[in-house]
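We give structure tokens for two forms of one protein chain below, kept apart as structure 1 and structure 2.
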Structure 1
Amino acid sequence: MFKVLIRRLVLSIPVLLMVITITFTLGYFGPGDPLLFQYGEQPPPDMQALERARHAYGLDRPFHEQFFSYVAGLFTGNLGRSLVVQQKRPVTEMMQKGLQVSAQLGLAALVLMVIVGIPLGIIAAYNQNSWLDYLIVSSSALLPTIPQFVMAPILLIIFVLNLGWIKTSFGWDGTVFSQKAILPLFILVIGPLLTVVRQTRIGMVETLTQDYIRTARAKGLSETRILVRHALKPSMVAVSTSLGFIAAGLLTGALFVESIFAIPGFGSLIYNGLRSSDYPLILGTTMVSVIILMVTNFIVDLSYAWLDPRVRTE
């Protein structure tokens, strides 16, 4: 098992290198001269100043030199400076600030998934084919199909405009425990949460038919003890399989939710980068997203070993 994990870790290095190459190449050849781009449609007023700026940014060097200095910068955490947003600040610094905000949202989302999603899935599994089960299953099929950028304005109209339950809804108070964070968090978490519910239910239904559960019942164990000691861990395998999708969902979700609710997080950085063709920023955020997904997939592999003893001996 340990060997398999090491192998996966080593194999992820060439993938990451390819990812860097693809993103850098697209960024280099794609948008054209990033400095010229800032002038828009008008011709630049002073060609010499432009040349000086190109030299200062190192944009007059050939492709391979720029590429290698970018890769070298990756090891020291230097991802270049933003071209447009916030007075040309270093991309690394911007991402640190953004991730501090988004990590709070992401962590809160994870906590909700565990304390709401898993119990709901268990309830649905224990009451299989009851109205409660149907309600949980059908809402977990319907709600995630509503795009976040559709759900956000609709919830705003209902809860802010019509009901007036929430007064202020845009911006960020520095913490997730604030009125402003309710709607963004809800919209961010509802899709992944319902995936957790569905997967818990599937895993639970299958586990409850196993022989060892019947044995535990025959021994006279209480139903809670059976659930906690025997049924819960193996049913979580199904949940952890979809953890990669959940992480990707939270990342793309942050992009929409943070830009709609004006939250200065990682998602907003991606949004700003895309809208203003700010290449250093787009490269940095893309790379970090890929790394987040890779780490998640690694955790998924680790969790298999923890959840299922058969995997450990392989």
Structure 2
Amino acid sequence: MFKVLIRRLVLSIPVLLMVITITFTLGYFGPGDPLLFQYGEQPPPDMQALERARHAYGLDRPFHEQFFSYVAGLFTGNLGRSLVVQQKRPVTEMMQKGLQVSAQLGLAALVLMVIVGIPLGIIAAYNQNSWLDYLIVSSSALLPTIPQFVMAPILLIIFVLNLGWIKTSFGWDGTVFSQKAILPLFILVIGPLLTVVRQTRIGMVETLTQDYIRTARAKGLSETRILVRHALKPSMVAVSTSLGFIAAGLLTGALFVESIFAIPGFGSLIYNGLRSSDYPLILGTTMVSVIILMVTNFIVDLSYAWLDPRVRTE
């Protein structure tokens, strides 16, 4: 496993460099000016002040100087400062706060998906081709077809305006155990739930036809013990892959959900950076997203050997 870790770390370096190069190039030569963002469509009232600000941030330097200066700062953990005039905060500080919020939401949504999706997939597989199987699969397939931008207003109208069960669902109280997190969590869970249910069902259906399952039944073991101790782990190989990608997406922030519910998470940082052409913020969020995806994929690969002894990490 140590060799696998070293090999992954070595391979991740050129990938990160390529991501940084592409993102920096697109930000430098792409449209938009973060210093002009504060003025909207109107021209700045003081062009000299604008040029002084551009010089202070080093935006008037050639491309290669800005690029190598940014890469050199990465070795000291310096991701630069936000170029948006209203903030001007270090990107590292902004991402730390955003990731704390998104991590709470993402991990809570992932736990709910596992608690709800895996049992539903097991029940559907055990009752294959029955009305219960059709009900679970069709229900889990129907809800994700509703777009988030349609589901969010509907939920707000029903539970906030009409029923009044939730007083407000905008903002962030600092913890996921809050009324404000109920609707965002529901929307985050509904989308990937179909994948978890379907993958669990497919894995369980295939595993339940194996010879060792028939042998366990011939020995007189209970169905509960067969499902939990003998069939569940081998069936989770495909599920773990899906959960890895889902977890990476949740931890890096759900852009639309955080934006519509005014949640100051990682997704909101990505949206604000793109909207204002804030190059350091775009670079920082992109690089952290890639790192999270790499780490998640590595954890998923290692989990294969634990879930299925036939898989070797060589």
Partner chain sequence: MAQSSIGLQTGLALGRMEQRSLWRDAMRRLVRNRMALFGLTVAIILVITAVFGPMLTPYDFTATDLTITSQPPSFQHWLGTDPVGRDFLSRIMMGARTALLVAILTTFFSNTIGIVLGGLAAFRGGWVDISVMRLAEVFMAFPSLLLAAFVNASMKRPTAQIFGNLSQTTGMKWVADTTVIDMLVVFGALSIAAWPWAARLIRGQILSLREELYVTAAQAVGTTDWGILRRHLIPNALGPMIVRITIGFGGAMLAESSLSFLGIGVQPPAASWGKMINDALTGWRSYPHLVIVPGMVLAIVVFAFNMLGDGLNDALNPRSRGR
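Small disclaimer: the values here were computed from a predicted structure and weren't measured. Between two forms, the rigid core is defined as the largest C-alpha subset superposing within 1.5 Å. Numbering runs along the sequence of structure 1, starting at 1.
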With both forms of the chain shown on their own, indicate which is the form predicted together with its partner chain.
1
Rigid core fitted, then: does L243 show a CA shift of 2 angstroms or greater between the two structures?
yes
Rigid core superposed, CA of L11 - does it shift 2 Å or more between the two structures?
yes
Does the C-alpha of L163 move 2 Å or more between the two structures once the rigid core is lined up?
yes
